[in-house]
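Below you will find one chain, with nothing else, as structure tokens; this is the form predicted on its own, and questions on how it binds or moves follow later.
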């Protein structure tokens, strides 16, 4: 992703790591929170992992998703162990479709699970359980509790319980920062520290494998025009002699952290703790990817985040 720095400003460092005077540019998405419960944490986690598989980027996966955090029985609708999952798409219609597909194929099929809406206060609603109920082939039943309808779908193990409607909100996708380091070992160590610090941040998920992106991309392609996205050659150390590079001298590896969130303040708060954790020995600087403000309306200015924990 091309980087557009702001006007030249005094150097800012955290433990010797320079924080570049630039911003991460993010775009609007539609998001949902799904609460998966099960007999024990093992099976809630299994269902959540399956549900969030192949969900790193809307470029090819059609959805971006991740585990937000594990939930104690006191935090779930049915008093069982649970997991909170966040899912994001580019539009409302596709979000409902992705939820129906993924709940039907990965949660309904997982032993002992039930599935509930995690955004009960959202004004916009999606009919999810109502669509899934037909798997019951006419044997399904429903019950209204406190104004909410739940469907009981018979399965060989017993019944799968799913809430009829799920909330959706205007979320934010593509929050990011880049870790520029002296070596691949230093970059990975810093990225892992950042991910560990951000895990469990409310309202935020890191959709890529282990929360880290090795294959940052740019829009389109120079040689293959049919591609939606291709390798970010400006940050590829092996291409320094072949293409204009944005890697400073002494930087031989770059990794990206991408964040999706239910709102901009949640992403900014997570970025702040992640960037702070990434500022360690072997890291040259922290940067971010943007298109000069042309991609999306959410601009996360790195220095402002580190000073205030807020996004512009």
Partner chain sequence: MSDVITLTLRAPVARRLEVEGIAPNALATLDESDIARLPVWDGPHTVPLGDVFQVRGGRSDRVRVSGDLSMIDAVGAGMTAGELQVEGSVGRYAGTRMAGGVLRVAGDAGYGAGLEMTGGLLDIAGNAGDRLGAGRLAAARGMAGGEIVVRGNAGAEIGATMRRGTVVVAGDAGPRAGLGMIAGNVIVLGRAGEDAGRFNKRGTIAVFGRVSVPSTYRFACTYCPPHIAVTVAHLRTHRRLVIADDEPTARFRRYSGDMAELGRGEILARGEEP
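Numbering follows the first chain given and starts at 1. What you see is a predicted model, and the numbers here were worked out from it, not measured in a lab.
In what follows, reference is made to the form predicted in complex with the partner chain, a form of this protein that is not presented.
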Query raised in the report: in the model of the complex, does each residue in the set 177, 299 and 306 place a non-hydrogen atom within 4.5 angstroms of the partner chain?
Result: no
Report task. Could you check which residue among 125, 97, 152, 214 gets a heavy atom within 4.5 Å of the partner chain in the model of the complex? Result -> 152
**Report entry** Contact residue in the model of the complex, from 104, 189, 77, 167 (heavy atom within 4.5 Å of the partner chain)
**Finding:** 77
Query raised in the report: Though only this chain appears here, would residue 159 touch the partner chain in the model of the complex if you measure heavy atom gaps against 4.5 Å?
Result: yes
Report task. Mark residue 145 yes when one of its heavy atoms lies within 4.5 Å of a heavy atom of the partner chain in the model of the complex, and no otherwise. Result -> yes
Query raised in the report: Is there a heavy atom of residue 42 lying 4.5 Å or less from a heavy atom of the partner chain in the model of the complex?
Result: no
Report task. Flag residue 140 as yes or no: does it have a non-hydrogen atom within 4.5 angstroms of any non-hydrogen atom of the partner chain in the model of the complex? Result -> yes
Report summary line: Answer among 218-226, 159-167, 179-187, 235-243 for heavy atoms within 4.5 Å of the partner chain in the model of the complex: the stretch 159-167
**Report entry** Any residue of 111-129 that, in the model of the complex, places a heavy atom within 4.5 Å of the partner chain
**Finding:** 116
